[in-house]
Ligand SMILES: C[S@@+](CC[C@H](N)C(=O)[O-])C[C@H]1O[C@@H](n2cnc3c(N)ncnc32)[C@H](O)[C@@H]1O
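Starting off, we have a lone chain in the form predicted on its own, written out as structure tokens.
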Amino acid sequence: MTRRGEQTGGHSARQIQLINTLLEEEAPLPLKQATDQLFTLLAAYAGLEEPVHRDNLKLPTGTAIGPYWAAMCLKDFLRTQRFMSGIYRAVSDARKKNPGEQIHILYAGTGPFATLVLPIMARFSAKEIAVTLLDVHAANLVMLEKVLDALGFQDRVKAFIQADAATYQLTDSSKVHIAIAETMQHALEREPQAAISLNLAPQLAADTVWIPQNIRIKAALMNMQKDRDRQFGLLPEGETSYRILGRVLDLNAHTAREMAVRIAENHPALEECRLDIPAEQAKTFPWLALFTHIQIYGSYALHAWDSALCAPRLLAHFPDLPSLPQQVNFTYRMGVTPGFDFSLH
């Protein structure tokens, strides 16, 4: 389903003010207030209803969360601010690199608000940018058209496409300067971020900017008491509540292409990753966990605890095991319930 939008509405001064706040503000309280207010306004434009739009969609490659939950991601304010700011910088850089060209952005997994591209729609004209909006939920695109119409952003839209981004084949021959996909939970589980990356990245030119530029998954050992101290500001300066064991996976355009080739050759997407578990560290930090670091674009990034996307994923508690493991092996599981499988030895 592809439709071309027309500009029929006017800009909302309050809406644009909130969008600008999210680009310019860094203090947590104003960011939270701005995202809460923006959610309320966008939900009203969209006709978003919590009971009606909450159902998730099970796909062969993972769960496409329901429109209401996708909209709620806006309230993860550091995630919203940093993705918005990173994408704005990416578009600004692309315009410098391609003077006179209309910058084409592909946004997969828009939700009902297309939250992450609202600032570039607010600050760049239809002559400067064109956005292809792709989502598997028909309801998301219906609501999104209402939102963009209310804001007067319809003329920035190249196409609305209802499709599964994990299987969609690009048919438009025009160049894609920037591709955006943020359809993930911590440790790349449940949602189809990896599958979408493996499908779309090989279809795009090598110089297409892929956002996020890299998702790094690391294995770590954690001490939960120290982490509670961290949360309450009681952890002594210089101490941490975790110890990194090593990198498990980098997911970016390059590795997505490599993983897609492995799957095409009937191999697992990720070669088994083996990491040693130091015995002394395991006694003091008795939880095995996965940490997620997201490099959005350039210096814009999300680190551990910055966002729900980066919350540690607890895997195992060593005191509950018959013996202290010396090694952990990881593989990445594609399919209906994506995520990491691990074994302790």
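Note that residue numbering follows the sequence shown and begins at 1. None of these values were measured; they are calculated from a predicted model.
Just so you know, the form predicted together with the ligand exists too; it's not on screen, but the next bit is about it.
Inset, instruction - Have a look at Y88, F77, W210, Y107 for me and say which one sits with a heavy atom within 4.5 Å of the ligand in the predicted complex. - result: None of the other options qualify; the answer is Y107.
Legend entry - Contact residue in the predicted complex, from M259, L188, L134, I178 (heavy atom within 4.5 Å of the ligand): Exactly one listed residue reaches within 4.5 Å, namely L134.
Legend entry - Stretch from 94-102, 251-259, 178-186, 152-160 whose residues place a heavy atom within 4.5 Å of the ligand in the predicted complex: This holds for exactly one stretch, 178-186.
Inset, instruction - Please check if A64 has a heavy atom lying within 4.5 Å of any heavy atom of the ligand in the predicted complex. - result: Yes.
Legend entry - 4.5 Å heavy atom contact, L315 and the ligand in the predicted complex: No, L315 stays farther than 4.5 Å from the ligand in the predicted complex.
Inset, instruction - Would you check, heavy atoms only and a 4.5 Å threshold, whether E145 touches the ligand in the predicted complex? - result: It does not: once the ligand is placed as it appears in the predicted complex, E145 has no heavy atom within 4.5 Å of it.
Inset, instruction - Consider D164 of the chain shown here, and say whether it contacts the ligand in the predicted complex, taking contact as heavy atoms within 4.5 Å. - result: D164: contacts the ligand in the predicted complex.
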